[in-house]
Each structure stands twice: as C-alpha cells, then as structure tokens.
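First comes one chain, alone, set out as structure tokens in the form predicted on its own.
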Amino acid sequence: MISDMRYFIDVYGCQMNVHDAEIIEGILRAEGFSPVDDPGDAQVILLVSCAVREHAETRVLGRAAQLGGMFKESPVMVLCGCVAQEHGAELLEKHRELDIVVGPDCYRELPRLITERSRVGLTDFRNEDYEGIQAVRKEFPRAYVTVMRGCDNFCSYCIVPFVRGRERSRPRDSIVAEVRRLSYLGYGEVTLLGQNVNSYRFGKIDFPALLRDVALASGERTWIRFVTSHPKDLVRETVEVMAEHRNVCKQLHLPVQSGSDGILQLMNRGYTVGEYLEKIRMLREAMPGIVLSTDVIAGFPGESEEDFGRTVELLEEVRFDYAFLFKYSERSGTAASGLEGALPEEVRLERLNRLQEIQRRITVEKSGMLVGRELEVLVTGPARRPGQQVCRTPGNRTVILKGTDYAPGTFLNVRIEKADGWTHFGSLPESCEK
C-alpha cells in the first residue's frame, strides 16, 4: 500500500464509464485509498468523463471548476476518461483546478500519480484490459463485465476510436470465470460491455461463442445482456444463441442512427436501411416480443427534409420500444466535422423534437399493451419514494412495486397495473416469488 488518502469519484456517460469507475476504485483501494460520499471530505476527487457529445464534455469540466472552487485546501483533482484522452495535458493549462489528466488506458498509474502530487497528463494508448483488477461493484444485483475495449469502426461523427483506441478483446476463459463468480455471489443480471460488443474476437472465439459460454456459465438465476451492438456485426448465430438460452434477455439495443441510406453512407455506418430492417425481421422471427431500442441522430450535416422523413418512416415501421434521440453534435477531429451542409442549430433541435414526439407516442402505446400481463422481474433496490421498490424486466423496463420489502436480487412475477412510458407499476399475484 502506498497511500491512506480519502477519495470521492463522480461518473459521467455510458455503462463503460460506470464500470471503469468501479475498476478505478479497485485500483485505489488495493493501494490503501478509502472512499467517501462527500467531496468535502475527500483528499482526492476523480471525475470520469464522457466526450461523445459536447454537452457531456461541458458538464464534466463545469463540475471540475465547481468542485475546484469549493475548498480552502484544494484536493487533488483528477480528470479521467474520454475528455482527458481527447485533450490531454493541454487541459492542465486551460483548467487550473485540474491536477492530473488520465486517459482510459492508464488507470493503473493513478495511485502513483496522486501520491506524487505533480501536475501531469498521461494519455498513452496501451493494450490494457485491466485483467486481474478486482472492480468495486456498486449496483448489486446488477453487474457489468467488460469483454472488449476500443472501436475500429470510425463512424464519421464519432470520437470513440480516437479516445478509446483500437479494438482488443479479453480472453474468453477470464470472462467466463468472472461471470460464473458473479452468478455464484447472487448477481441477478450481468451486462457484457464493449464499445462494439458483437465484434468481440479472441483467437477463434467470436461473440456468439462467447455469449453461449457465458449463458451456460451463469446458470438460470442470472440474466445476461450485452451492449452496444453495431448492426453490421449482428449475425444470425448471435440471434440463435439469444433465442436458445432462457437467461439471455430477449432485449437488444441496436443503434440505427438514420433512416436514410445517403446519410448512413456519410456516417460511414457500413449498412443500408434495407439491411438493418432485415436484421430487425430476423430478431423478431427468432424472438417474438423482443424488446428493441435504438439511437438516432437528428440534423446530421447534409440531412435534407427528405432524408429526415425517411428516419420518421423507419421509427414508425420498426416501432422501437424505446429510443435514445440526439441532435447532431460536432466533435473536433472526426470526419463529419469537415462535411459541408451543416444544419442550423434550430433545425437540428426542431427535428429532434419531432422524433421525440413520435417515439414518445410509440413507447406509451407499446408499454400500455403490457397492462394486465404478468412479467418476471428482478428486484434491484429501493425507489426514490419511500415504501417503493424498483424492479427490472428481462426487456429492461422499469417496474415500481409499492409496499414491498424484498431483498435486491429476488426474482418475482408481477402483474402490470399501469404504464407511464418506460416506467411501469406492478402488483404481486398470490404466489409470485420464484
């Protein structure tokens, strides 16, 4: 052990960042650092940042400035993650409250950098998978397991390959052993993570083979999910494994980004709308009732009203259960930032609002169809309101129970009494605990 310092950690962005924060905590605690819940009690403050959109970057840098001005004796301020990797040591000059800037491949160096207390930026790309680190898991009974890191797709709007590096996959045996251990410890859900999870390959083991091995290793009492999938890498073998194994959730997040072939080509997505729709048909034929979600970008450079109309048509045709909708955000250094035909901010926002209205209606309609049905749920913990508990369905829908006190990790059957968009309210049939 090299330190007994107290640390506070705050996380922004995707599930990968949430799990990276758990890895960072594992690294720090192994060296004697101890966590605190209040930044005012911390000697070290770590912020795990997201750079996918400008808003996310602005938020985390604003938080660093806020925390940096709160204390008479300033704690060591560490910026971790994608924003750190994107801008590197230049952040130390522009943001004097920052002491250390560390990219996603360099977290093993954190204990040394913090104890040395020198202002430094460390953003090397390394072939790092954090094998052997005991992550400090915070979300029982749900756990994340990273199976691959980085991305080789270079979608024209996306900064991820520039801040996360090239794809590299963890050994299959290590992943299976980690999932088996989590299942033994009572975790009811494990999500396999990767920037492009279904491009996983280690030796001769591809993603369908990994998914099958994980499903068998986890047993019937642990659900398996995976994110994020790229449509061009979703193959029939993966769909067959999903359909074959009861504990692999019949739910998939499959980002489409646009309903226009011309825009998809400008985005460098590697598929057409027709190819995407064929994969949706394949999923629904194999798993009727599968819960599908997606990502869509409104107002990409060069997007005409006709292009946008095709995206509207796609939402209406597929009828996703849920969608994450965004207006286009320029990211410096990406190919799209140099494209002609940039749309005014008000046009992007107006198109985003139209998409949100359409998807809100579809989500409400599809969620309402569940009223009166019985669904299996996993109890995940207390809700915000006293006397309520939060549960999740295999489709990743939120279900609220009132007046119950089940231990997190309990599986139940519940009857859906009401649906309010993505949130549902359930009651217990007479013999419900599984």
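Given the structure is predicted, the values throughout are model-derived calculations rather than measurements. Residue numbers here begin at 1 and follow the sequence given.
The protein also exists as the form predicted in complex with a small molecule; that form is not presented, and the subsequent description refers to it.
Visitor: Within 4.5 Å, heavy atoms only, one stretch in 49-57, 401-409, 26-34, 62-70 touches the small molecule in the model of the complex. Which?
Guide: Correct option: 49-57.
Visitor: Consider Tyr271 of the chain shown here, and say whether it contacts the small molecule in the model of the complex, taking contact as heavy atoms within 4.5 Å.
Guide: No, Tyr271 stays farther than 4.5 Å from the small molecule in the model of the complex.
Visitor: Given that the small molecule is not shown alongside this chain, does Met242 nevertheless sit within 4.5 Å of it in the model of the complex, heavy atom to heavy atom?
Guide: Flag for Met242 set to no.
Visitor: Residue-level question: is Lys327 within 4.5 Å of the small molecule in the model of the complex, judged on heavy atoms?
Guide: Yes, Lys327 lies within 4.5 Å of the small molecule in the model of the complex.
Visitor: Does at least one non-hydrogen atom of Glu317 fall within 4.5 angstroms of the small molecule in the model of the complex?
Guide: Answer no; every heavy atom of Glu317 is more than 4.5 Å from the small molecule in the model of the complex.
Visitor: If the cut-off is 4.5 angstroms on heavy atoms, which of these, Val176, Cys158, Val312, Met287, is the one near the small molecule in the model of the complex?
Guide: Flagged contact: Cys158.
Visitor: Ok, Asp295, Glu220, Glu93, Asp124: which has a heavy atom sitting within 4.5 Å of the small molecule in the model of the complex?
Guide: It is Asp295.
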